[in-house]
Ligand SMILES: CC(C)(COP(=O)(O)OP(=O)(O)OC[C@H]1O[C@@H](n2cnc3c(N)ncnc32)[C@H](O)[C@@H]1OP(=O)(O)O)[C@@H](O)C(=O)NCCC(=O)NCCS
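Below you will find one chain, with nothing else, as structure tokens; this is the form predicted alone, and questions on how it binds or moves follow later.
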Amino acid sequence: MVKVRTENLKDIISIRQVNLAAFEQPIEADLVDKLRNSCKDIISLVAEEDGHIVGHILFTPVKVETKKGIDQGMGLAPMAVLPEYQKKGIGSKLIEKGIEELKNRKCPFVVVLGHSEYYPKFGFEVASMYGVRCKWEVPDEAFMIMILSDLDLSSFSGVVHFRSEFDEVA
């Protein structure tokens, strides 16, 4: 049975291995390591089965420059599941637990750049519906947002800025 929990220090090597296997390149694994070392306000969850890490998800702070100032939320990226464990609901469990944690922390919104067929089932919507766009040029349907708490949506529009570590891999 898969258990989702917060990462701990002994998970770091396994998390790197999961990201390397899932993405078949070091970019995402390197990004996770950089973010963990430079940002204290992260949510890093692992999926564990029989004592082995089989999945990982990371949420980091993002900012939206609006007409009234800066709104802070979180961004989901990256999420990785070992190839042999994919399509078994592990990614869904990681996302659901992460969203639950964000709600508990009273986070107003979360954004994701991902598959437009996958993320809407969790409640993500195309961000441009709210006048929100990514700072990078990406397909409109791939950049999504989930509003988690009360936001003044009348002034909530603008450009989402991820942490600078993402610029190094964008």
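The model shown is predicted, which means the values in this text are computed figures rather than measured ones. From 1 onward, residues are counted along the sequence shown.
If you look for the form predicted in complex with the named molecule, you will not find it shown, but the lines that follow are about it.
Of the heavy atoms in M74, none are within 4.5 Å of the named molecule in the predicted bound form. In the predicted bound form, the named molecule lies within 4.5 Å of some heavy atom of K121. Taking the partner from the other structure, the named molecule in the predicted bound form has no heavy atom within 4.5 Å of any heavy atom of K97. Although the partner is absent here, E137 sits far enough away that none of its heavy atoms falls within 4.5 Å of the named molecule in the predicted bound form.
For the residues M146, V160, I15, A22, the 4.5 Å heavy atom test against the named molecule in the predicted bound form is passed only by A22.
Contact with the named molecule in the predicted bound form, defined as a heavy atom within 4.5 Å, holds for exactly one of H52, K67, K103, H115, namely H115. Only one listed stretch (37-45, 125-133, 103-111, 22-30) carries heavy atoms within 4.5 Å of the named molecule in the predicted bound form, and that stretch is 22-30. In the predicted bound form, the residues of 53-81 lying within 4.5 Å of the named molecule by at least one heavy atom are, in order, P78, M79, A80, V81.
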